[in-house]
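Okay, so we've got a single protein chain in two different forms coming up as structure tokens, structure 1 first and structure 2 after it.
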Structure 1
């Protein structure tokens, strides 16, 4: 079993390498990769100017990155300019890829993302995982992972690591699911069940969704609360661009904040939790609808058609979300709340009552609320991009695993 991926810092700084000549080289390789990733295509001279190294030093680093398949040269940077044009550098469309996987209550999904951030392969299986033992679920997930890797390899990519999003509490070892109430899993070591040839990181789906919002969202601040709302409801707290994890790594369990302490029982063992009022299944029950494959699509369609029962159920779910979020906003003072997950597709009918509760109950000025453009794709994309960010943080380490 290979060691887990190092914890990815969302700003791209990653794990601090030793202050040795080798450590300095690896940090400079990372600086080159991040600069080209953020601003490329760039010439070697432009990279040198941005990171404060000599052109000769940058040229040596670039040659190493090209040999490793992490950068590629596109030709003259500006044809026709006065003087000799530099060759433009870009992140390679081949080489390492991040493999992201998601275990949902009603689906499994896997994708491969290249260093440019493009999804190059994808596989999904729909079907309930609730109450199923972890072993057959992970066996099916492994089949999808191998299918995606094979497709990515046909595209000239190789897997740099695997990150898995799960709807539950994950230990700080980044592989053990301590508890996933909506799956019925307890103390499950996914590292022992998944393929051992890839570096592995397991995390809560809301955390990966929050990181995806930070990395891929447009104009997302560095301090925000990301709500991932589907059958379960989780949250990721981003402070200065980093995840607030808590002592045991369990921060963000918004779905199990009690709204009505004597309310219905929750799979977590509590009563009156937010999920019992604002989760997908709770909203369907309140609207008098039967669960189906496209639950959110059904709710949105009925709400758009003016169905009074559906609109009432969504209004009440928004109220419950607003009550739970008020406590988090008063405690954490985020710059904004981002509504993600599947329920982001129901924002037009959730937001009025949600924002009303926040405005009425928040001690300070009402917190801004926005809707994620990633929607239910956030956790899967966040998982895959966490591997990509790890490669950008330590390209030398990634190249050594090729």
Structure 2
């Protein structure tokens, strides 16, 4: 294999590849992919000029990426221009796909996203998973995963990896669910239950939601706090475009920040945690509603209809979120706070009191709060895109698994 002699760093790459000649080649493959992804379609010459390598070096890299199915040629580019027409390169829509999966408290979902970022296949099963043991749940999820992979393969894609979002704490091995109180799971090695043939990454749903916001949100900064909720309340702490994971992988547990230290007991062992005031079940209780399956939909519908009890309950949840976020903003100084997941659908009724609390408790200008457009789709999309990003960051690694 020919290796170019110049070393160039990939843009947008989270990982740093090893500092050998082989590592240089892999970094340059990544640089080509990221450049075509950001600015394509582009000719070989245009790629070469953008990344500062010779046209010959870039051609060697591009040929390898085309052979692996990661790039494709669209045919002659801008034929009216002077000189031999270059063939325009684009990210392939028939190469690797990222398989994202989500274990929700009330649903399972799987999707396949191609390297261009398009969702190409999808499957969902509704029904509660609360209190069910991991084995049958993951067996059902595996059925959906196999359906989605089969559908993607019919479209000419092949699965490059599987990423699974779960509503709980995940160890840094990216396999073990240490604690998912709303499912009733603890110390569960999902790696042993999921299909073994694909590279696997299990992560907290708030983390994948935060990454989705970073990658797919409009104008998202590189330092922000992403707050999301399913039954629990979680946060993803993004620092300079990377996730802050914590020593054990448990960072971002905003739902267990104490906001009234002598408040009600929380299953986490604490008292007066945010989740006791702003979690879905606390809000339903405060609004005098029964927990059903589409809890957020019910709250949004009633609030939109002007139900004063529901509006009051959401206002108080916003206040509680504002108190916890004041602490988080003081500790982390993010550029913005983004409300994602289920919270995004309730934002119209949460935001006034939430922002009011942040403003009232902050001497300077309060931290800006925005609402995710991805909403409840965030974690699933974040999971699938994490596989796609891994391919862009190390195309050679993905090709070797093809």
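Worth saying up front: this structure is predicted, and the values here are computed from it rather than measured. For the two forms, the rigid core is made up of the largest set of C-alpha atoms that agree within 1.5 Å on superposition. Residue numbers count along the first chain shown, from 1.
- Each structure shows the same chain on its own, and structure 1 is the form predicted on its own.
- When the rigid core is held fixed, the Cα atom of residue 199 travels less than 2 angstroms between structure 1 and structure 2.
- Comparing the forms between structure 1 and structure 2 on their rigid core, the Cα displacement of residue 269 reaches 2 Å or more.
- After superposing the rigid core, the C-alpha of residue 35 moves by less than 2 Å between structure 1 and structure 2.
- Core superposition gives residue 363 a CA displacement of 5.0 Å between structure 1 and structure 2.
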